[in-house]
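To begin, one chain is listed below as structure tokens, in the form predicted on its own.
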Amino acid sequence: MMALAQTRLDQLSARIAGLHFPSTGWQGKARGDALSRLGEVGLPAARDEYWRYTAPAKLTAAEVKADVSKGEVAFDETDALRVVFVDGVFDAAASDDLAMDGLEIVRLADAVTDIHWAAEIYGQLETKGQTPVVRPLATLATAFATDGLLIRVTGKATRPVHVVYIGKSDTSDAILHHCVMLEKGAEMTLLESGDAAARFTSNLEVDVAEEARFHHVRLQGRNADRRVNTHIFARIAEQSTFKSFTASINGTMTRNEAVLDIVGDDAIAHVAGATVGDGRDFHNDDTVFITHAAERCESRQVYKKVLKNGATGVFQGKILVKPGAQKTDGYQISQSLLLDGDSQFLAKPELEIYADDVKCSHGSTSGAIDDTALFYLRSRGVPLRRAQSLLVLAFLAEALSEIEDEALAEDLRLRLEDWLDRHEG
């Protein structure tokens, strides 16, 4: 045990050796606390329960080298405020003016005063999200993030905020941390797209006040050599709504974690994803933990993965219903479509319920394309490859329907269809 602990600490020392530790202003305490916590647990290891299906080596190695030449930016037709990061560094020339009605945006790197509203959020939701499952790479992001966005939403934002990540250096190691605070009755949409760096680690902390609405849609793709570990931590108050959707295309190692804490009555929390991957180097992991701590709340976890040629997909999802969280409605579904006999889907769905008046369900399935449906389409003159693509898109449709904005959903659907066309056969 001592040897294992020392190995973790040695790996941590190597991982952070070249990182800059910003410790000035109001961020100093949160970053210092994170660094202390990180020193206590070290980096994740393959023996850890929540890393048993995903070897963390590509995310924890001291150095990284990856081809970043094939990144893809989405939502081109959407009227949004663009904020661009290149290899994790803010690009002012490529970004829009950060002023917009209904919200205030400040860069984390520029917020160096002793007092700032983000001190109520930065690292706080991440810290709470470490219980009962430790998430060391999220702690690392809190401690060492070089930049990010601090967004305070005071009303209904007039248009979405689109964070564009562009990777240029094959050895870039970007760490970003975003904080979003929605005041009572506020509403905003946050978009993310692009491949940020050779390796990308990020935190997104979202505090959704009473009657507020937060929408989050992102595309990860289509760089086949991508290494990504993202974390979402959200606190969802009374009568508020939180919805997040991720489309993940390609990538050698992608792990997306979402930790949602429903603390107010009559709140809604949805998290969903659609994933497509091809080849033995492809590994995609969605890990979700939703806590119900209030009455009459609704949560949904909807994840669909399409895998071929030895690709691997992972889903770990948990719904925790605390005592007193009566009338909870929790729904969880994780499904994979395996287009050959070499791919695999590893799932760990969990329910932990301490209230007696609830409606909770979970299901997880894996299978091939339905032969009857394929025969039906072929018998009506649809070419084989087209028929297969139509059935795959139909399989992904339930996840895509979680996106409220139809234009955004159609954008991602077309990109998924384009991937199917390029990878047919």
Partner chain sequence: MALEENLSELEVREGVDRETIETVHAMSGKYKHGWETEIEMEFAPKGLNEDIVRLISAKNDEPEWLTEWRLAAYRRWVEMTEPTWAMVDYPEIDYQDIYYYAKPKSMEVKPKSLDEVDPKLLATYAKLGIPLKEQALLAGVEGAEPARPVAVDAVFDSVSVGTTFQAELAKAGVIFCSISEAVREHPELVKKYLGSVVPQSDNFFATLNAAVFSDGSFVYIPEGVKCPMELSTYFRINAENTGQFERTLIVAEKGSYVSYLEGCTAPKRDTNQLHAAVVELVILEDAEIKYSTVQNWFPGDENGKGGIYNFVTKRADCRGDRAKVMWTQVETGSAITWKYPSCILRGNESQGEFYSIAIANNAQQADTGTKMIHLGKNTRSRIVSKGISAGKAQNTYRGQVTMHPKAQNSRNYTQCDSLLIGDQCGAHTVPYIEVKNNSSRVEHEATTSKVDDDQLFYCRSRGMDEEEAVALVVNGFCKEVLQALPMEFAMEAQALVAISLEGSVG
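Residue numbers count along the first chain shown, from 1. All figures in this text were calculated on a predicted structure; none of them were measured in a lab.
Although not depicted, the form predicted in complex with its partner chain is the subject of the following passage.
**Student:** Heavy atom within 4.5 Å of its partner chain in the predicted bound form: which of Lys65, Lys359, Lys70, Lys29?
**Tutor:** In short, Lys359.
**Student:** Of the residues Asp101, Asp170, Asp91, Glu350, which one places a heavy atom within 4.5 Å of its partner chain in the predicted bound form?
**Tutor:** Going through each option in turn, the one that passes is Glu350.
**Student:** Would you check whether its partner chain, in the predicted bound form, lies within 4.5 angstroms of a non-hydrogen atom from each of Leu338, Gly363 and Ser366?
**Tutor:** Per the other structure, all of Leu338, Gly363 and Ser366 touch its partner chain.
**Student:** Using a 4.5 Å heavy atom cut-off, which stretch among 340-348, 217-225, 160-168, 188-196 contacts its partner chain in the predicted bound form?
**Tutor:** Going by heavy atoms within 4.5 Å, the stretch is 340-348.
**Student:** If you check in the predicted bound form, is Trp117 within 4.5 Å of its partner chain, heavy atoms only?
**Tutor:** Judged by the heavy-atom cut-off of 4.5 Å, Trp117 is well away from its partner chain in the predicted bound form.
**Student:** Within a 4.5 Å heavy atom cut-off, is Thr146 in contact with its partner chain in the predicted bound form?
**Tutor:** No.
**Student:** Is Tyr53 close to its partner chain in the predicted bound form, meaning a heavy atom pair under 4.5 Å apart or at it?
**Tutor:** Yes, Tyr53 is a contact residue.
**Student:** Given that its partner chain is not shown alongside this chain, does Ala355 nevertheless sit within 4.5 Å of it in the predicted bound form, heavy atom to heavy atom?
**Tutor:** Judged by the heavy-atom cut-off of 4.5 Å, Ala355 is in contact with its partner chain in the predicted bound form.
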